[in-house]
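Take a look at this one chain, the form predicted on its own, written out in structure tokens.
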């Protein structure tokens, strides 16, 4: 049996190397082929069990193999799998209605695509069409997708290959309080980094912009969490110069940040356009761009558009089932409570291990930044790699990110419970102990 499972693992790794692009990023020194999942747990091809605290990059929002989702998908596939947006279908319109119920303010109408990249592409085109302006302000350390436009919007160099092909996009300073680019301290700084948006508009654009786009918490950037007032200030500046505010909720949506359905709601500002994907359908490919009816009308007047796979009946059925599970078993309030427990445990680890420089985030979206020395804040990417290997051996899957590759990203399915959080914290404790002894 052991030989059989080892052969299966090696066969997968051999085919990965032979038939897939070599720039597919694989975690761990020895890549981890996954076989199946159940709830917040995963099993590899050799039968090893792991507690999944990264959720397919914040995507399996209600856990693996959730019965309500798989049953909804099976039921839909027996009816119709694909029709394109040229024809209305029940799952498509029902999901759009559900999205309108959940989103804040006047956001009411949806345009479904297949990914967060597609959602952000749609959002930028919509803003340009509505305002008549072309230039866009994004933030440093941001991530907005892997298309030419998405990479141009992205503010992390290693994710921008080919991203310089799209012009008219400028990057302002981001609110990275732990590594403040202005060498100031919050709150005495007065959120001075937000002022750089206006300076960037005045000095690097024609003075009129189409949009300002930002993640309520920067995901790939390392779960960088801005002060609560930052997005309101930034949005007001954007509007003063003719732009719309696009909230990229691809990672923060659907209660992930706790207490609110969307991350931007913590800032008390209503976006003109909101994008979402990842956790929207528990792993089925789906993205969504939402806006007001008035703004959406602008694109209709300007040009025709459709999405061959957007609004796919199966993905929409999965999304509807996912939303039902969240409303029943993982409400924003519940996630907020679990987030407090998770954060308290991570803060205790920070007190215990000097290699932890910062803990940040909201709800079940928490980041741990590792440093060689707290006084200098020198990033510790090698320690992050060591922690990955240690926690894998102990049966815990985590994520990482940040410009320096030194931020651990913790984001379990939102159906996680207190016992599972305690298990993860125990593994992290043991992992940090092993890493700090080496470093």
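Residue numbers count along the first chain shown, from 1. Everything numeric here is computed off the predicted structure, so don't read it as measured data.
Just so it is clear, the following notes concern the form predicted in complex with a small molecule, a form of the same protein that is not shown.
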For the chain shown here without its partner, which stretch in 130 to 138, 86 to 94, 266 to 274, 212 to 220 has non-hydrogen atoms within 4.5 angstroms of the small molecule in the model of the complex? 212 to 220
Does the 4.5 Å heavy atom contact test between residue 172 and the small molecule in the model of the complex come out positive? no
is_contact(residue 322, the small molecule) in the model of the complex, heavy atom dist at most 4.5 Å: no
Please tell me whether any heavy atom belonging to residue 291 falls inside 4.5 Å of a heavy atom of the small molecule, as the geometry stands in the model of the complex. no
4.5 Å heavy atom contact, residue 257 to the small molecule in the model of the complex: no
All of 116, 120 and 251 with a heavy atom within 4.5 Å of the small molecule in the model of the complex: yes
Scan 226, 145, 363, 311 and let me know which has any heavy atom within 4.5 Å of the small molecule in the model of the complex. 145
